[in-house]
Every structure is written in C-alpha cells, then in structure tokens.
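A lone chain, given as structure tokens: the form predicted on its own.
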C-alpha cells in the first residue's frame, strides 16, 4: 500500500517501557516436534474479509511451511487495513504485538523509532544474502538509522497508463516517453475536452515520480535536510510544468482535492483523462468494471533524471515482543522463497525478487512494465514523520496550483517545514 500514518509521542514512551519488558525474554525457540511453538502474523491480505490472497496464504502457503517445519504453527490474523495501524500502535504500548507483521512500508521507520522491532540486519545471519536478492528500492523501505528492520514482502510501483483511444485523440502513436513528449501531447489535446493527466493528490506518492524523473530530490542522501534539495531549480522547473498543465486545463482539479471530480479509475477508461500514474492492481479493477477497456502501460516519462517511480508495497517485520524469534525468522525466510513469491504473484501482487520477474510476466504480461520500472524506483523519505512530510507537500504545493503563490515559494516553505520534521520536530 502507499499510505502511512503517524504514531503519537505518548505511545513512544509506553512502547519504550514495553521494550524493556520484552528484552527479558530469550525469544530463542525455533520450534521442533518436541518443543512445538505457535507464531502469529498480523496483516491485511483480505483487508478484513475473504480474498484470493488470504486464501493463498491460509490454504496453500502456511500449510506448506508447517509441513516443512514440524513443530511450528503459524496463526494468521487478518485485520482491515484502516484498522491495522491503530491496533499495532495500541499493542505496542502494551507489549502485546504479534511475532510478525505484514507492515505498510511507510510504517517501518515509525515502529523502528519506537524500538519495538528487531533489526533483522543484526539478528539474521543470512540477512546480507537475502537482501541482495530483492529490489534495492524495496529493501530501502526497511532502512532506519543504518539498520534494516524488515525485508520486502510484496511490492508495486506506479507507471504511466493510457489508452489507445486517448492516444488517437491526441494524434500520437505511442505513450509519451519523455517530458518533451508529454508537452507535445499536451499541445495536441488543448481544446479537445480530454485532460492530459490526472492524479488524486500532491503527496509524496503522487509528486515524487515527477521530482525524481526531473532530476531532483526531496532531501539529501542522509534524509536530514530538504532545503537546497526540494526547492532546487530542477524541482521548480518540474512542478512548474505540472502547474502549467493545470492552468491550461489539462490536469483536472482532482489533483488539488476536488472530491467531486471524476476519479482516475473511471476517467481513464472513459477517455476523460489521457494518462494517469497507477499500479498493477488497476488491471483487476478495470477487468470487472470496464471489461472492454485495454489499458496501455508505459514507463514514467523521462526527464533529466531518467524514468524514476515510487516504491509501494509491504514489508515483513519481527517484533521485540516475540518469544519465538528463531521460528519467526524461519517464516521470514520462507516469504522470500520462489514458492511464496510466485504464489502471491498469481493473486495480483508483485514479487520483490527481480530474478523471478520472467516467471511473474508469464502469469500476466502487463507486469513487464512494472518490473522494469521497479529497477529504478525509489522509496519515499524513511522517517517517523513520513506522514507529516506527506501532508506538508500536499498542503504547500496546492496553493501553487491554485495560483495563490509561486512554485518556488511553495517549495521553499515546504522545505523549511520538512527540515523541522527531519530534525525531530513534532
């Protein structure tokens, strides 16, 4: 998933106390026929209900793992995504976390900061080998203050999606490959009633692919400073390009928060919008709602920085509350296996292991574009303040689109506010 939320400072204090208590247990039981153990995994595979993903986990993968590891029982607890973070937060305060969590990648730095996660780069002897097998951008979502607190479980990214009808309307033969191509397509769509591009916001998930592809950054490499990076000349130019499209009525006001505008999932197949950025899950949505729609997938248009998108997905993390850490680590290793990864590919998820990409494409050929895009995709700022950074970007960029401030002034203000968050401001 793309979202992330913030955990209150009061919980941090409570969680620190919980950590001290958790440190008293050895957590060394690996499970055996003589000493059976049960490990618990929380996640949102079914988003609170039944799904092909949850069925694959419960009916195929967990039984296979238990058969290969006599003495270890895996109990999966499905929790609706919108409820999971709150449950994790409350449980962290009371030292009642499960052994394992399928965590939104935006949550990992927040819980690592609380001290309730085990740094796998310290605890797993084969972590280096496992980490080299996954997409670097996905792995980076687990990094916090020099240590990795999880491993990628599933992944996704955003690519450019259009339709042949939109391309025909613009009089072009293929999706725009570069920023210049995008500008040229914009000129051909003026006055046609078809918007060049649509998106549903201006947060990091939305704006980062444009910033990175334009050759800019949100922060420095150590993620300690935004000023001088977010408000760089390259970013001003890239965001100004989008603002210009908006002013020419080629980007709808959906991007500035108009909830009455047509959503991207409807606007693209209806040819109201020529292009959107979105993920592999859209194929399933359109096949049910618009069975005759044939989406065209292409890389993010390349600017000075190339074609760079944003990493989404989930990670698997081990909690300090676990009393069976060795057994839990065995299950983590299993999630990185070919059997686990490809079983989940068949349910609509993308593998985190690039060496399996060819087999992934054999399941559904539209994965090809996403797998290629993942090679250069990057993670958003890994900070406990990630959701606040997201809010700053959206709040400060919106006035630039609405014409009440300049792009430079908006980025200057956002950079200053993000500096304070990165410095530990609340």
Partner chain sequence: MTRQRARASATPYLFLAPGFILFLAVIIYPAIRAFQMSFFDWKIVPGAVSQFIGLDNYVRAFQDGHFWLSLSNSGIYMLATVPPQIVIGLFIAMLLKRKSPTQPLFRVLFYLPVVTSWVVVSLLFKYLFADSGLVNFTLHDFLHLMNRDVSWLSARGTALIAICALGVWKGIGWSMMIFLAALQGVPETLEEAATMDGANRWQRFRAVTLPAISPATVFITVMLVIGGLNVFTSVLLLTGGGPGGQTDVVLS
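This structure is a prediction, so every number in the text was calculated from the model and none was measured. Residue numbers count along the first chain shown, from 1.
Just so you know, the form predicted together with the partner chain exists too; it's not on screen, but the next bit is about it.
**Q** Want to guess which of 331-339, 175-183, 259-267, 352-360 is within 4.5 Å of the partner chain in the predicted complex, heavy atoms only?
**A** After filtering at 4.5 Å, what remains is 259-267.
**Q** Give me the residue from 398, 52, 58, 368 that has a heavy atom within 4.5 Å of the partner chain in the predicted complex.
**A** Flagged contact: 398.
**Q** Counting any non-hydrogen atom inside 4.5 Å, which residue from 208, 89, 231, 162 sits next to the partner chain in the predicted complex?
**A** It is 89 that has a heavy atom within 4.5 Å of the partner.
**Q** With heavy atoms only and a cut-off of 4.5 Å, decide whether residue 133 touches the partner chain in the predicted complex.
**A** Flag for residue 133 set to no.
**Q** Is residue 118 part of the interface with the partner chain in the predicted complex - any heavy atom within 4.5 Å?
**A** Residue 118: no contact with the partner chain in the predicted complex.
**Q** Verify the contact flag for residue 93: yes if a non-hydrogen atom of it lies within 4.5 Å of a non-hydrogen atom of the partner chain in the predicted complex, no if not.
**A** Taking the distances in the predicted complex, the answer for residue 93 is yes, it comes within 4.5 Å of the partner chain.
**Q** Is residue 114 part of the interface with the partner chain in the predicted complex - any heavy atom within 4.5 Å?
**A** Residue 114: contacts the partner chain in the predicted complex.
**Q** May I ask you to list the residues of 305-323 that have any heavy atom within 4.5 angstroms of the partner chain in the predicted complex, in sequence order?
**A** Not one residue comes within 4.5 Å of the partner.
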